[in-house]
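Below, in structure tokens: the form predicted alone, a single chain.
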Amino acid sequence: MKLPPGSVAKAKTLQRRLRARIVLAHLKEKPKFIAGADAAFDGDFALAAACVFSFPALELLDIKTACVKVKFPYIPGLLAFREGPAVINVVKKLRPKPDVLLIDGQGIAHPERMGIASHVGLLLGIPTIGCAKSRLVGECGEPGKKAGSRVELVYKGETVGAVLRTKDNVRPMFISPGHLVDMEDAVSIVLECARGFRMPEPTRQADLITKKMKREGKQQCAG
């Protein structure tokens, strides 16, 4: 996929402009509804899924899926421009509207402090948390082996995330606030959503759905 000259530079400039609008703050009240979102790719299409749950009971309330034509190639650090439109499309369909959104990706633990969770949270105007399976930036130690153990993820002298053990003796998750939440809220919510698996339940379910969509082909998109 070829982009017009200067597109990457424009995308990075936009990231820096949007970054100034990111707010990290303690949630004013405990959320009632939490959603998870994920995207996969099938050729030129992004296959996105989002699930909304009651919180803290985590009763599944709604699932939505979408297929969106991809207009941006894979470029490290610019994931939001590739899969963000599909994620935004599908999250907008959820009922009830989530109070907090967990996204399979980075929040501020990003070279421009503007990962997909921050980008989507800002554009949708809802609190978001990045729940990534791997590290994009920063240095960290190894958390303890028990669930709930954590160490800081530090990038250029700033704490941008938490390396969090969500289940005993499994690889940690890389958690970072996206928008309208702070670090403690992000970690606390992810731990409350960890129900015996490495991934928090909202993003785990979204991930399972996108994998199924990819196996069955993009014609399976619905909702």
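Here the structure is a predicted model, which is why all the values come from computation and not from measurement. Numbering starts at 1 and follows the sequence shown.
The same protein has a further form, the form predicted in complex with the DNA, not shown here; the description that follows concerns it.
Engineer: Can you check whether residue 68 is within 4.5 Å of the DNA in the model of the complex, heavy atom basis?
Structural biologist: No, no contact at 4.5 Å.
Engineer: Does the 4.5 Å heavy atom contact test between residue 123 and the DNA in the model of the complex come out positive?
Structural biologist: Because no heavy atom of residue 123 falls inside 4.5 Å of the DNA in the model of the complex, the answer is no.
Engineer: Are any of the heavy atoms in residue 40 no more than 4.5 Å from a heavy atom of the DNA in the model of the complex?
Structural biologist: Yes, contact at 4.5 Å.
Engineer: Quick check on residue 116: any heavy atom within 4.5 Å of the DNA in the model of the complex?
Structural biologist: So residue 116 counts as contacting the DNA.
Engineer: Candidate spot 62, 165 and 204, all three in 4.5 Å heavy atom range of the DNA in the model of the complex?
Structural biologist: Judged in the model of the complex, none of 62, 165 and 204 sits within 4.5 Å of the DNA.
Engineer: With the DNA left out of view, choose which of 147, 136, 94, 140 has a non-hydrogen atom within 4.5 angstroms of it in the model of the complex.
Structural biologist: Flagged contact: 136.
Engineer: Which of the residues spanning 93-117 lie within 4.5 Å of the DNA in the model of the complex, based on heavy atoms?
Structural biologist: Contacts from 93-117: 104, 105, 106, 110, 115, 116.
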